[in-house]
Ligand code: PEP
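Coming up is one lone chain in structure tokens, specifically the form predicted alone.
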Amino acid sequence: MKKPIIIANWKMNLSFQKTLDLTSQVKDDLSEIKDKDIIVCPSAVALSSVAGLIKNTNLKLGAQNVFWEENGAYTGETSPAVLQEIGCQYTIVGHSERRKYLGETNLMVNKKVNICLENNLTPILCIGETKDERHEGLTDNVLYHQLKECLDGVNIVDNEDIVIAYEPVWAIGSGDIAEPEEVARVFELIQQVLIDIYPLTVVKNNVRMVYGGSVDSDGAVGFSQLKLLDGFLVGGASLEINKFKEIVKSL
């Protein structure tokens, strides 16, 4: 059985001090948990400080973004080698907000996935359809092409892992949440596409699938029994320790 995973994406919601305060709360309440992977993803400026706070605990550090080169003249970007050096183990790639506001494409995401694996970082690959795409019946087509293009040429060996985060864009930050039955069907589609790309053993052992998109403690309970669900990518609810604790407990 794959180890459940819960990822807290704090986005750009917290000041530096509030980031440290929330990290301390998560550390006090959740750092003893060993049967689940709990990942905290603060903003880039706080990564080093958060790394220090959670050192020697069961909590793991994730970045919200990474560049597709290890070094060079790329002003404002973050090197995967540096992320690994300061203690990151995970990196979110392809989040819909970066696709929407910063023009991130599947090709860019593909390069980021590759560079993460080369630097011992586990990529958390976000995919999802917009409201218009959903209403036009294009969900399956959109997800298929995102997976195929973002994972094109990406090899996964025995000691490497990848997380696929299904985040319907229409649900992120909206308060709307997909029905568990709908997510179950999408996960089956994702699994089939992955089996088309990788050997079945890789899909079973090296890939975890999580749901994101306005996940709260009430909704998490409804998803926790889904056969293919390995965890959650949590946005707003991860900013409040009690809500986040309930999501962690739901798995």
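Just so it is clear, the structure is predicted and the values come from calculations on it, not from any experiment. So that there is no doubt, residue numbering starts at 1 and follows the sequence shown.
Keep in mind that the form predicted together with phosphoenolpyruvate is not shown, yet the notes after this line are about it.
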Using a 4.5 angstroms cut-off on non-hydrogen atoms, would residue 215 count as touching phosphoenolpyruvate in the model of the complex?
yes
With heavy atoms only and a cut-off of 4.5 Å, decide whether residue 121 touches phosphoenolpyruvate in the model of the complex.
no
Would residue 147 count as a contact of phosphoenolpyruvate in the model of the complex, using a 4.5 angstroms cut-off between non-hydrogen atoms?
no
Heavy atom of residue 172 within 4.5 Å of phosphoenolpyruvate in the model of the complex
yes
Residues in which of 91-99, 108-116, 67-75, 134-142 have heavy atoms within 4.5 Å of phosphoenolpyruvate in the model of the complex?
91-99
For the heavy atom contacts within 4.5 Å of phosphoenolpyruvate in the model of the complex, list the residues of 213-251 involved, in sequence order.
213, 214, 215, 233, 234, 235, 236
